[in-house]
Ligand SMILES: Cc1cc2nc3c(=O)[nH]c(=O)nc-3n(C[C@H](O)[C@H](O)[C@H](O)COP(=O)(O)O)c2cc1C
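Let's start with one chain on its own, the form predicted alone, as structure tokens.
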Amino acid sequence: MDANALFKISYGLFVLSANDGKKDNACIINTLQQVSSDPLMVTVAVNKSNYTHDIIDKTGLFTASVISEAANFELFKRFGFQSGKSVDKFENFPHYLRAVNKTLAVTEGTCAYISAEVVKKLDLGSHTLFAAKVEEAKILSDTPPATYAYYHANIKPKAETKKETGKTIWRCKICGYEYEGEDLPDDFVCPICKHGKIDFEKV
């Protein structure tokens, strides 16, 4: 089986936000999908290691901001490359509005947002699938939404090969994180984007 075939699936990119009553948090996902029109419903699959997952699991509320082609890499670094368990991702970030469900919609580098309330949950192992009824949706700009392929071709910085160290380097195909070592443990999880060994390549 060639798991790289899954990289040929076309994905959008989203900032998924939630609020636990005291703190706002968000993470980057690529798993938002409309699943019905009456009622208007969407699903999101969220990695259980993300703090945002725990908040949504508890409150049942979220907003997904659709990342556009106007986004820069700083947006991905802020919301995807650090943990909300240890930092306030919205600190010194004024580009948002509060949706009707009290979660935040990111307004810079995005073209729309969708706020929803969870009605069903499905345990998928590493992720939980949340099915949710849309409560609010708004277009923010006419800039096209960024696909996963667009992100890799135009937003994500090109990885620089490290100087020869005599060690084997494994590079995450998602975010570019590099692990040095002859073997990559089977249970290794990228500390930046939370993807597993299957998404690393030997360089």
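When you see a residue number, it is the position in the sequence shown, counting from 1. Every value quoted in this text rests on a predicted model; they were computed, and no experiment measured them.
Omitted here: the form predicted in complex with this ligand. The next part is about that form.
Shown without its partner, this chain lists Tyr113, Phe130, Tyr96, Phe79 as candidates; in the model of the complex, only Phe79 has a non-hydrogen atom within 4.5 angstroms of this ligand. When this ligand is considered in the model of the complex, Cys193 lines it closely, a heavy atom lying within 4.5 Å. Under a 4.5 angstroms non-hydrogen atom cutoff, this ligand in the model of the complex lacks Trp170 among its neighbouring residues. In the model of the complex, this ligand lies farther than 4.5 Å from every heavy atom of Gly109. Remark: Ala146 does not count among the residues lining this ligand in the model of the complex, judged by a heavy atom distance of 4.5 Å or less. Contact with this ligand in the model of the complex, defined as any heavy atom within 4.5 Å, is confined among 147-155, 34-42, 131-139, 56-64 to 147-155.
Contact residues in stretch 83-110 (any heavy atom within 4.5 Å of this ligand, taken in the model of the complex) are Ser83, Gly84, Lys89.
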